[in-house]
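There is one chain below, alone, in C-alpha cells, taken in the form predicted alone.
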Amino acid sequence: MKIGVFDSGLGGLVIAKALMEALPKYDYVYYGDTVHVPYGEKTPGRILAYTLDAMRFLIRQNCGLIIIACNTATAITLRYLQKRFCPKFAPDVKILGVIIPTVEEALKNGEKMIGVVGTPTTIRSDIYAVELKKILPNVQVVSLSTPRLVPAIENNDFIGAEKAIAEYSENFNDIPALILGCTHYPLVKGLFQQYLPNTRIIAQDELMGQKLFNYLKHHKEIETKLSRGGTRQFFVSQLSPSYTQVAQKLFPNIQLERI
C-alpha cells in the first residue's frame, strides 16, 4: 500500500517533498484539489465534500496511509474521517492530519505565548488554541486570519505575498513563537522570519518528515504494509501555468496528471 498526500493546492506539494526526502523508500501518491483552491474560504460542508472525494480517490490508488496536508481540511474533517468514514468504508486505511504534530512542535520549547496564522476557516475553527491548551492550559494564543496569502502563493505572486506578510507580522512583534498554520506558508517562511527576526517560526515542512518517521516507528502494523518502490505519482484536479511553475521548482522532473 502507498502513502497518500492530499491538499487543495501547492501547500501539499511542500509537505509531500518533505515526506519524500525524509522517507524516500516508500511509494507516494499526491492529489491536489486545485479546482477548488483555496479551501480556507469555503463552508465546512463544501470542505467535507471535497475532502471525502479526495479520500475516495486516494483509496482507489491503493493508499493505506493518507496525510491530509491541509490545515483547513484537517480542522474541519479529520475527526469525521477517523471516527465515521474509515470505520465504515475503509477500515484498513489510516488518515492523519498536520495540526497535532504542529502543536507538539510549537510547545517543545515551553513558550507561554504562541501566535497562529492561517486561513479564515482554520482560524474560525479555533482548533489550534483548543489543542494547544489541552497540552498547556495556561498558554496564550494569538490567532490571525491571513486570507491574502494563499491566493498570492497559488498565483506565484510573491511580491503581493510579501506585502501581506509585512502587514500581518505587525500583530506578532512581541510573540516568541509563530505557527504557520497553512501548508502553503512554508513557501514564504523566509519572509515571515525576515519581518519577525526574533520569533521562532514553526513551519510544517520542517517537522512532518520526522513526525511521520516517528509514527511509522511506533505503528509497525501500518509500516509493514507500505510498499517500497520509491515511486511518486502526482495528480491534480486542474492545471494552471502558475501552479505548474511552482511545482517544477519543488520537483524539477514532476509529471502532473489531471483527473
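Residue numbers run from 1 along the displayed sequence. A quick note: this is a predicted structure, and the numbers were derived from the prediction, not measured. Take the two forms, find the largest set of C-alpha atoms that superpose within 1.5 Å, and that set is the rigid core.
As for the form predicted in complex with a small molecule, it is not shown, yet the points below apply to it.
The candidate stretches are 86-94, 176-184, 106-114, 135-143, and the one lying within 4.5 Å of the small molecule in the predicted complex by heavy atoms is 176-184.
None of the heavy atoms of residue 102 is located within 4.5 Å of the small molecule in the predicted complex. Contact between residue 77 and the small molecule in the predicted complex is not found at the 4.5 Å heavy atom cutoff. The small molecule in the predicted complex comes within 4.5 Å of no heavy atom belonging to residue 50. Contact annotation: residue 165 falls outside 4.5 Å of the small molecule in the predicted complex, judged by heavy atom distances.
Of the residues 202, 65, 29, 37, just one reaches the small molecule in the predicted complex with a heavy atom at 4.5 Å or closer; this is 37. Core-superposed comparison between this form and the one not shown: the Cα of residue 235 travels less than 2 Å.
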